[in-house]
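One chain comes next, on its own, written out as structure tokens in the form predicted alone.
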């Protein structure tokens, strides 16, 4: 019965993943085509052209077809790995996105690792020192960090570090692991700060509940060392709700990376998205937005499925992580 409940839960999650992706694709396509900007004007770059040239461009890019057919062509192309043709450079969209992934993916990976390395210890410390000055100070810092957007933190970081550490580079390209670390570490911290605060608050809240539970009291009464009680038992029970929250945050990192890349002049996917929006280059905008939603949904769905496989309670009707 447990296996059937878990299987039904997983099937529901997969169906929700496909349905949400389909509905979002419709929304993205519809919003992009609400603009009054003529795609041919974008393709021509403001130059004049004959009626024959305009007609040929409309046929080449498929924008002379009904909207439903344009949507079908776009979504079927996405399923085949064809992201469309860029209006500005008239080349495959993927050739524009691929080089920039070498900036954005390491940035997201570094921000995720920083979040995991810092948020869990901070949350555990706050729970163990509940009500102390350390707990109050760290909790206040977490509340402030959650409230500050990434671009604001980035501007503050540049202003402070420009005065205190002028040797740190904020512009220019990089190469190699050491160059990437030097160039991406500060932006990664700026992106991760809000996630660290949220993750620490989740760990703190859950850890306080676990430390007051009966099984922890029995473990302590049985003479089990405090370190094993905290990290071997109580913290283990906090990981599932923490993973559930963090999967959503990490999945949305690309959105946070957009503004941070602009502030730090990083030539990643985020800066490409902004320039495409400004230039009404909707094949690129659609592709990046759709890929962002796809990876966000994929990560959150995968984590939910793993949690359901690990904890059978999740697969039950009305199951809870609490």
Partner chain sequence: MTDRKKLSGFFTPAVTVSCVILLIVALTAVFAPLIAPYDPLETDLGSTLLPPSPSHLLGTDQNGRDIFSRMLFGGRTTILGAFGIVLFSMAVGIPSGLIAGYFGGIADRILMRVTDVIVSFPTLLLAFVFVGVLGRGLRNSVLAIGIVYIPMTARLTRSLCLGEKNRGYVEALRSQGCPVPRILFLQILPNCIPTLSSQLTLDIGYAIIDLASMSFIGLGVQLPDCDWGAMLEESRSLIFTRPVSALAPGFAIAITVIAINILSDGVQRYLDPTRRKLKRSVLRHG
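What you are looking at is a predicted structure, and each value in this text was computed from that prediction instead of being measured. Numbering follows the first chain given and starts at 1.
FYI, the form predicted together with the partner chain isn't displayed, but the following is about it.
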Task: 4.5 Å heavy atom contact with the partner chain in the predicted bound form for all of 159, 273 and 297 - done: yes
Task: Proximity to the partner chain in the predicted bound form (heavy atom, within 4.5 Å), stretch among 69-77, 248-256, 98-106, 180-188 - done: 248-256
- [ ] Tell me, out of 155, 239, 125, 217, which residue has a non-hydrogen atom within 4.5 angstroms of the partner chain in the predicted bound form.
- [x] 155
Task: Contact residue in the predicted bound form, from 85, 146, 224, 113 (heavy atom within 4.5 Å of the partner chain) - done: 146
Task: Distance check, residue 28 to the partner chain in the predicted bound form, heavy atom within 4.5 Å - done: yes
- [ ] Give a yes/no on whether residue 24 approaches the partner chain to within 4.5 Å in the predicted bound form, heavy atoms considered.
- [x] yes
Open item on the list: Test of understanding: in the predicted bound form, would residue 19 fall inside 4.5 Å of the partner chain by heavy atoms?
Closed with: yes
- [ ] Would you please decide whether residue 51 lies within 4.5 angstroms of the partner chain in the predicted bound form, comparing each non-hydrogen atom pair?
- [x] no
Task: Contacts with the partner chain in the predicted bound form - residues in 278-303 whose heavy atoms fall within 4.5 Å - done: 278, 289, 292, 293, 296, 297, 300
